[in-house]
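One chain is shown next in structure tokens, namely the form predicted alone.
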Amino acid sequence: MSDTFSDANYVQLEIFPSRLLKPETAQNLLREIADLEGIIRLFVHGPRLPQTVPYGPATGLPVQHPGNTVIEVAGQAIELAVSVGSIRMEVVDVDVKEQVRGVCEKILTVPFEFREGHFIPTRQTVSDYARRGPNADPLMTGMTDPKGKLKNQPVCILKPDDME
């Protein structure tokens, strides 16, 4: 299960705002970050937005939540299925880390924590192996909810040509 991607020493970052981000703010931040060179992979993390009313008299009707919208990042339309609580990413080196910090300081109007650590799994777990097989794309490791259904977890590849 070892591959060259999991053996690479990339820097993992987490941007953790003190409040949930509005879709417009998240879109602006993600656009700026996606334009930087050296971003390997990135995902948003936060509470899931309900698509339908789960119980009560309106059971099954669509929820009209203002955060349930489509944002555009790097020329791709992405349906925002979560309230953006944090953004986790993997970057090439420390120079890119400082560029990301500068983008955050420019766009975010709320206080935020900017952490370096280990947030995204780099090796295929037993669950990944069982769901995706032995030849799964190493970029997809840790990018989806291990307890969720695969068809309900959209993943957008923004820069497929940049990877070697």
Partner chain sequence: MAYELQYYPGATSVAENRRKHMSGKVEKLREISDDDLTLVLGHRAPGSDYPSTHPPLAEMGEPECSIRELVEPTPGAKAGDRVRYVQFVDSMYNGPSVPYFRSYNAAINFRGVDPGTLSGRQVVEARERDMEEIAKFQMETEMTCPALASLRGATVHGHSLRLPEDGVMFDMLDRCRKEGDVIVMHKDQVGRPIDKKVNLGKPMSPEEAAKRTTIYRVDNVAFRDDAEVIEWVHRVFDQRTTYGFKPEN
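Remember, predicted model here, so these are calculated numbers, not experimental data. Positions refer to the first chain, counted from 1.
Here the subject shifts to the form predicted together with the partner chain, a form of this protein not shown in this document.
- Within 4.5 Å of any heavy atom of the partner chain in the model of the complex lies no heavy atom of Ala34.
- The closest heavy atom approach of Asn135 to the partner chain in the model of the complex falls outside 4.5 Å.
- Using a 4.5 angstroms limit between non-hydrogen atoms, Thr109 touches the partner chain in the model of the complex.
- The partner chain is not shown here, but in the model of the complex it comes within 4.5 Å of a heavy atom of Val63.
- Contact with the partner chain in the model of the complex, defined as any heavy atom within 4.5 Å, is confined among 93 to 101, 36 to 44, 54 to 62, 127 to 135 to 54 to 62.
- Interface residues of 19 to 56, taken as those with a heavy atom within 4.5 Å of the partner chain in the model of the complex (partner not displayed): Arg19, Leu20, Leu21, Lys22, Thr25, Pro47, Arg48, Leu49, Pro50, Val53, Pro54, Tyr55, Gly56, in sequence order.
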